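Quick setup: one chain, the form predicted on its own, written in structure tokens, and binding and motion questions come after.
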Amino acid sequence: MQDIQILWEKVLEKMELLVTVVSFDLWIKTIEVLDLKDDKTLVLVATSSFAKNQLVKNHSNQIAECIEQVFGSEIDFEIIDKAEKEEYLKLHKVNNNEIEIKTENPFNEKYTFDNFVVGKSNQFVYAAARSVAETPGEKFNPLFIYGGVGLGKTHILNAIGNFVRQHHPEKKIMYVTCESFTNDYIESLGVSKEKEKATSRFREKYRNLDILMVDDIQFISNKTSTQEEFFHTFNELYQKNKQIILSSDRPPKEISTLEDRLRSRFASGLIQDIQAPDFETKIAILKKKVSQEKYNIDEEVLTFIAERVNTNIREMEGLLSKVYFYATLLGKKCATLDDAKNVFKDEQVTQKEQISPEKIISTVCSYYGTSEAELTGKKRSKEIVEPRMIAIYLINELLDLPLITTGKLFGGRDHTTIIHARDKIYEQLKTNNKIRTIVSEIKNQISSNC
């Protein structure tokens, strides 16, 4: 049995690669999976009758293709709108939990080793991942991969999965997010009379694997019971020489409230980081995207984008797609530098409208694992001063608020204090690689949530 919502997320991943960024954000991402009618028809809910018409008219074939790849050829679909949803619920008993199907390959087929652009920033991760995929359980166990948002962790994990599916089809492999693992564990606790059976099913699911990949393992932080269960799952797989692959946005030593025994095990294998790509690698990534999507784009557009997007590869590729889409809307056969400048200008305006001081403060707090009350309060310990100064710097850089207004956000601090914090981070960015990485990763998290 497989969770329908998780499978639908895989459909969305495939759809994102087939349609423009604008179409995906407007029409595809907002679809709700309501029902699996008669165990053979997915009932999808569009946000409005207009959205329904757009989906039926422009994206039916793509949706059908992606559903077949994930759910199998026997599953059909139909689209209703919000107004029709209430009537449907009156007439049908819905099933939106699980489905028993066999999927040929749960991994995104476009994410392979062959189309992963290797540069100085990721060559060691690539080599380690390739080695693990070729001989799972024999080298580098566990393999712990960390890096900022949008640098290629998901691509690497899917590449491992696709390689194993092709070359070791007999291997049982599972990719799961930390959130899904946690939810599965909570569900396994169940009601008392079913608890033993549910726990047994959970352990059978996760401990009888040849390869377990857990994405965003940093979210296991603060989950004491889940850490306990994952510790035993990890041990059982490790003792059987089964491959464990973990990804995170930070190394084990920086995951707060992680039990020492788990931290020790995470660090017992090979730890590799994916760094921000250099200029040459960014250009190579953009050229690969142009080739894959068959975009007609002037070479200088690639340089323009590579110079302006510092780290996030996903954001960089998204901006490339937007430039091409913008040019096609104007009836052009080739996207030019002027098109890129117009899109980039609009992108900056849109992001600035969506970013608020509260969002910046919240993101910094989440990154450092501290509370907003501490960040904006009077506390002056070393653990609080750095994130506070970074939050002040980002508010000044991204929003350009008056100094007095910024001071009020931080407990009524004087404008000279705000200037000092802003300028100190500005100077550190020139020489301190750690601060540069932290600021870059927080900015990526802010922009990805807009």
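Note that the coordinates shown come from a computational prediction; the quantities given were computed from them, not determined experimentally. One-based numbering along the sequence shown.
There is another form of the same protein, the form predicted in complex with a small molecule; it is not shown, and what comes next is about it.
Contact of Y185 with the small molecule in the model of the complex (heavy atom, 4.5 Å): Flag for Y185 set to no.
Does the small molecule come within 4.5 Å of any heavy atom of I285 in the model of the complex? Result yes; I285 sits at the interface with the small molecule in the model of the complex.
K242 versus the small molecule, in the model of the complex: is there a non-hydrogen atom within 4.5 Å? Although the small molecule is absent here, K242 would stay clear of it in the model of the complex, with no heavy atoms inside 4.5 Å.
Contact flag, S131 vs the small molecule in the model of the complex, heavy atom cut 4.5 Å: Because no heavy atom of S131 falls inside 4.5 Å of the small molecule in the model of the complex, the answer is no.
Per-stretch contact check against the small molecule in the model of the complex, the hit in 146-154, 337-345, 80-88, 255-263 (non-hydrogen atom, 4.5 angstroms): Heavy-atom contact with the partner occurs in 146-154.
Between I313, V364, I160, V323, only one gets a heavy atom within 4.5 angstroms of the small molecule in the model of the complex; which residue is that? Flagged contact: I313.
Answer with one of V117, V164, L319, V290: the residue that has a non-hydrogen atom within 4.5 Å of the small molecule in the model of the complex. Only one listed residue qualifies here, and that residue is V117.
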